[in-house]
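This document starts with one chain, in the form predicted alone, laid out as structure tokens.
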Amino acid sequence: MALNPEFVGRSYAPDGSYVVGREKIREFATAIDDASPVFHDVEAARSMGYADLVAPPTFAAVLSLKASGRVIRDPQLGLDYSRVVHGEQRFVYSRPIVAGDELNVTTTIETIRTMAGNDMITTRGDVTTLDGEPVVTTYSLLISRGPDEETS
């Protein structure tokens, strides 16, 4: 089933906030094998001018993935997640994410297109503080593989 192109521009409001914890930052940095002191040591982060531990740049994927779940599960969109592969991810920062931030994500469908029998959907996640301060904008491309061709 093709994705519903009428969903372009549709936004999904935040579904609760995300509190960024020190241990989550440390765990993520360890998982991506990044030993930078600003990701692990509070004093090192403060000595670099940050209020607390800094999250690695790709940490925003944790928030955007959770928020994009509302898009993925929207039955009217027509996305068969069992056929989805992740095509691309990028981040545009206004400021770093630091431990103690409480953040919201509003997800918007930017584009829906079909190419070579595959549906492609690009979403934008606007990550802000509870006061509305912009922190990072995430962009994600998902590719829904077309139906399998019969072989003879």
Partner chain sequence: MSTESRAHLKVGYELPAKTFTVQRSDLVRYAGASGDFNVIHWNERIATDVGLPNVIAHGMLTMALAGQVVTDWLGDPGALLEYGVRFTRPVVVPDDGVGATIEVTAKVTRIDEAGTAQVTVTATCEGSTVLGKAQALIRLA
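Residue numbers count along the first chain shown, from 1. Since we're looking at a predicted model, the values are computed, not measured.
Beyond what is shown, the protein has a form predicted together with the partner chain; the following relates to that form.
**Q** State yes or no: in the predicted bound form, is some non-hydrogen atom of residue 100 no more than 4.5 angstroms from a non-hydrogen atom of the partner chain?
**A** No - in the predicted bound form, heavy atoms of residue 100 and the partner chain never come within 4.5 Å of each other.
**Q** When the contact criterion is heavy atoms within 4.5 Å, does residue 92 count as touching the partner chain in the predicted bound form?
**A** Yes - in the predicted bound form, heavy atoms of residue 92 and the partner chain come within 4.5 Å of each other.
**Q** Consider residue 65 of the chain shown here, and say whether it contacts the partner chain in the predicted bound form, taking contact as heavy atoms within 4.5 Å.
**A** Yes, residue 65 lies within 4.5 Å of the partner chain in the predicted bound form.
**Q** Determine whether any heavy atom of residue 31 comes within 4.5 Å of a heavy atom of the partner chain in the predicted bound form, and answer yes or no.
**A** Although the partner chain is absent here, residue 31 would touch it in the predicted bound form, with heavy atoms inside 4.5 Å.
**Q** Pick from 106, 122, 58, 114: which residue has any heavy atom within 4.5 angstroms of the partner chain in the predicted bound form?
**A** That would be 58.
**Q** Between 41-57 and the partner chain in the predicted bound form, list the residues on our side with a heavy atom within 4.5 Å.
**A** 48, 50, 54, 57, in sequence order.
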